[in-house]
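There is one chain below, alone, in structure tokens, taken in the form predicted on its own.
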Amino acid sequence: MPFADLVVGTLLYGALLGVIYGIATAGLSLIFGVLKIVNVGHGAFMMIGAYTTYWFFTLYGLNPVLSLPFSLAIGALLGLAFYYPVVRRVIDAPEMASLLATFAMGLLLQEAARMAWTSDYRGFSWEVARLEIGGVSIYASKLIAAGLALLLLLFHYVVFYRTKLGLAIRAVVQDREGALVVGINVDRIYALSFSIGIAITVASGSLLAIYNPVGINPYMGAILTLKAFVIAVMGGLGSIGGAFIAGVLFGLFENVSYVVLTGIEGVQPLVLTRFIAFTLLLVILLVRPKGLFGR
């Protein structure tokens, strides 16, 4: 492959993957921004989304794109199911309590998935067209996944900046006591915010499965959680727009690093790419302690 095509392909694949990383981290940032809770079980919810797409395609032959509404619905229900018995009780508790609670939620999901579907790696083959972009051949499914991620981001924006619910959420974030005084049901806003955040997270797992429909297993969430935390902190905790932009930058950086490291003999690209990613995060935090877009 000519060098120019290799560069274009590397950047294109990195940007498309970064868009999915961005929307995946948006759910994490939303929950932290509203509830001030760090969801350590984030990756496990993405795993549920990946399995949702896999099973609907495998068992019912459903187009993976059409599994997205089901992932959103499952995520919303899981959010409500975990909020009232668990999350609600640790909102004003010490940080360690919320960390342990969300960690337990993630463990519960991954072990339930293991018992239901075993720990085998799974995948599927979705026959779609290949497109030529600037001399680079790319599966249309990857473009579709990134496009759907952008639609989710648009949905996110409309809900939070063009609806009364979004206005109420922003009021609670700005001043919880003031929101109570003017009649906003803060507990309901917390529940809806957590539910929406988990719905977006589960849906991003489906998008990741559409982008790369292999390697689906109950423990895939661990590395996804690590990446989401790197992206969230890089963009600025609580900044949804910052998380999305940082996700795109991280996807570009990860893909470029992997391609470069693959050409070095004796190097394990996947391991070293993660090391470099955390080094990049450290450098960014030294320059901007609150992240690129943190305030």
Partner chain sequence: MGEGLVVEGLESGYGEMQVLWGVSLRVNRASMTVVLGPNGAGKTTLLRTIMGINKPWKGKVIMEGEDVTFVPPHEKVARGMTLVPEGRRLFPELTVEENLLLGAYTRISTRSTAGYREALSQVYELFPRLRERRGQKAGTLSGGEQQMLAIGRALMSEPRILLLDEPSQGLAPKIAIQIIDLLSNLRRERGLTILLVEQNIAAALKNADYAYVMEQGVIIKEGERDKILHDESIRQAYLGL
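The structure displayed is predicted, hence computed values, not measured ones. Numbering follows the first chain given and starts at 1.
The same protein also has a form predicted together with its partner chain, omitted here; what follows describes it.
Residue contact with its partner chain in the predicted bound form: Ser119 places no heavy atom within 4.5 Å of it. In the predicted bound form, its partner chain lies farther than 4.5 Å from every heavy atom of Ser125. Shown alone here, Asn212 lies farther than 4.5 Å from its partner chain in the predicted bound form, counting heavy atoms only. Put simply, Pro94 is far from its partner chain in the predicted bound form: not one heavy atom of it is within 4.5 Å. In terms of contact with its partner chain in the predicted bound form, the residue from Leu143, Ala171, Leu77, Leu150 that brings a heavy atom within 4.5 Å is Ala171. For the options Leu180, Ala73, Ile138, Ile223, the one in contact with its partner chain in the predicted bound form, meaning a heavy atom within 4.5 Å, is Leu180. With its partner chain omitted here, the record of contacts in the predicted bound form names 158 to 166 of 158 to 166, 212 to 220, 193 to 201, 125 to 133, defined by a heavy atom within 4.5 Å. Residues from 86 to 103 do not approach its partner chain in the predicted bound form: none has a non-hydrogen atom within 4.5 Å of it.
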